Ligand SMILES: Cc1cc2nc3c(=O)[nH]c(=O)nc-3n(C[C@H](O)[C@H](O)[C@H](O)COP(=O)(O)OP(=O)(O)OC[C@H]3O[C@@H](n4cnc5c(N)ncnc54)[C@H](O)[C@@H]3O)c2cc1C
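Next up: just one chain, as structure tokens, the form predicted on its own.
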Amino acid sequence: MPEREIEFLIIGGGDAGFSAARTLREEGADGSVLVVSRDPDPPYDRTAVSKGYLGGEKSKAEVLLGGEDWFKENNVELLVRTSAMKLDTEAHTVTLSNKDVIRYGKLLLATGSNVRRLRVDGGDLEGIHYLRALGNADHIRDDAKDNVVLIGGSYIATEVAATLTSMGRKCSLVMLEDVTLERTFGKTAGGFFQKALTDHGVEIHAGEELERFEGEGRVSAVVTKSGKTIPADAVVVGVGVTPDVSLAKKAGLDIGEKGGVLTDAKLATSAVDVFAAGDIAEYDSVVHQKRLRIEHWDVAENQGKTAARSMMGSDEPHDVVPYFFSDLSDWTWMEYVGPAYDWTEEIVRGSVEEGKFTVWYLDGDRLAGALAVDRSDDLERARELLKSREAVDRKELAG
């Protein structure tokens, strides 16, 4: 089998992988860089998959990270439609699906996540879609012409429902939650986003568990365990993702309680010269003083920067406060820092009814996270409180 040497090998063509490659070049690494991606397309803006690209507002060329010529202009090699099949950490080699064996100096694992697939009756009918890549968005745009049912109550389901509704589709949402996005943001903020959906015609079926899909060859209805039957010409499932740690597991890297690849604060794994970033990284957070694994493009992008610097010899830990954003078409926009997995109290500043507010999530006397709608300036104070871990002034937060 052919074998060649690469100084910086990056497995994964998502936000973390591209960010690492870009940071290597921007910060002076002149050695060989190879990005290996199973995706058929060059790295692209993942947020556009459920929004601008799905809605037809942006072309494929417009969502490519760095533009169409970035890899050529920066002397970075990119292999698409290629997977890493075997990692030998002692030999410092990775065997690819094209049979090449790459001997690396430093390796970044940024393999991302796989969508959770439903195992229910009718799950193999035509017209049932999962959204992760540009190609999935193409199929949904072409196929979802009439009544579309979204399964799930979090980011993907709500964003796709908003995008398709803005395209003129009739959308219904079936979810276990009582309120959209409740698990992440609580009932106050979640209720605001749910109202934005229903005000624009999205039908919400809350507190409903999927029983099965019905149809002859193609899906025609969604049936819940309570007995509801919801007509469906197409279905989009958005019930979360799982970190793709199969390569790391087979190589014997340490895996954490949250299912990610364990790393230290510099994103170094248990194997020498191997780093992890993005959805798969379960890292020592110096901000939160505990282990975290976070799935979001902005987190992946910033971790890619830290990983690249660590690959170049930096001793600086990853100390970026995780930031998130989500929008429902052009109806509403929210920003969030945290993440607040658990909280004991919510303080609201501003007016939820007027769509200009901040929700501060407290864990005891410390800030755990903050969500802002049309109040971006509050997030800078939130970052300060998260980093300092100082006791909050409730009057200050209430404004």
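Residue positions are given as counts along the sequence shown, with the first one as 1. From a predicted model like this one, the values you see are computed outputs, not experimental measurements.
Another form exists, predicted in complex with the ligand; not displayed. Remarks below refer to it.
J.: Counting non-hydrogen atoms within 4.5 angstroms of the ligand in the predicted complex, say which of Val337, Val49, Val63, Val33 makes the cut.
T.: If I apply the 4.5 Å criterion carefully, the residue I get is Val49.
J.: Which one, His318, His296, Arg169, Lys106, lies within 4.5 Å of the ligand in the predicted complex by heavy atoms?
T.: None of the others qualify; the residue that does is His296.
J.: Against the ligand in the predicted complex, would Pro243 count as a contact residue? Criterion: heavy atoms within 4.5 Å.
T.: No, Pro243 is distant from the partner.
J.: May I ask you to state whether Arg38 is within 4.5 Å of the ligand in the predicted complex, using heavy atom distances?
T.: Yes.
J.: So in the predicted complex, does Ala162 come within 4.5 Å of the ligand, heavy atom to heavy atom?
T.: Close contact is absent here: in the predicted complex, Ala162 is far from the ligand, nothing within 4.5 Å, heavy atoms only.
J.: Please run the contact check for Ala20 against the ligand in the predicted complex: heavy atoms, 4.5 angstroms, yes or no?
T.: Although the ligand is absent here, Ala20 would stay clear of it in the predicted complex, with no heavy atoms inside 4.5 Å.
J.: Given the ligand in the predicted complex, answer whether the residues Thr180, Gly238 and Val373 all have a heavy atom inside 4.5 Å of it.
T.: Contact check failed for every one of Thr180, Gly238 and Val373.
J.: Name the stretch: of 221 to 229, 308 to 316, 170 to 178, 322 to 330, exactly one has residues whose heavy atoms fall within 4.5 Å of the ligand in the predicted complex.
T.: Heavy-atom contact with the partner occurs in 322 to 330.
J.: Can you tell me which bits of 121 to 153 touch the ligand in the predicted complex, meaning any heavy atom within 4.5 Å?
T.: Residues within 4.5 Å: Leu131, Arg132.
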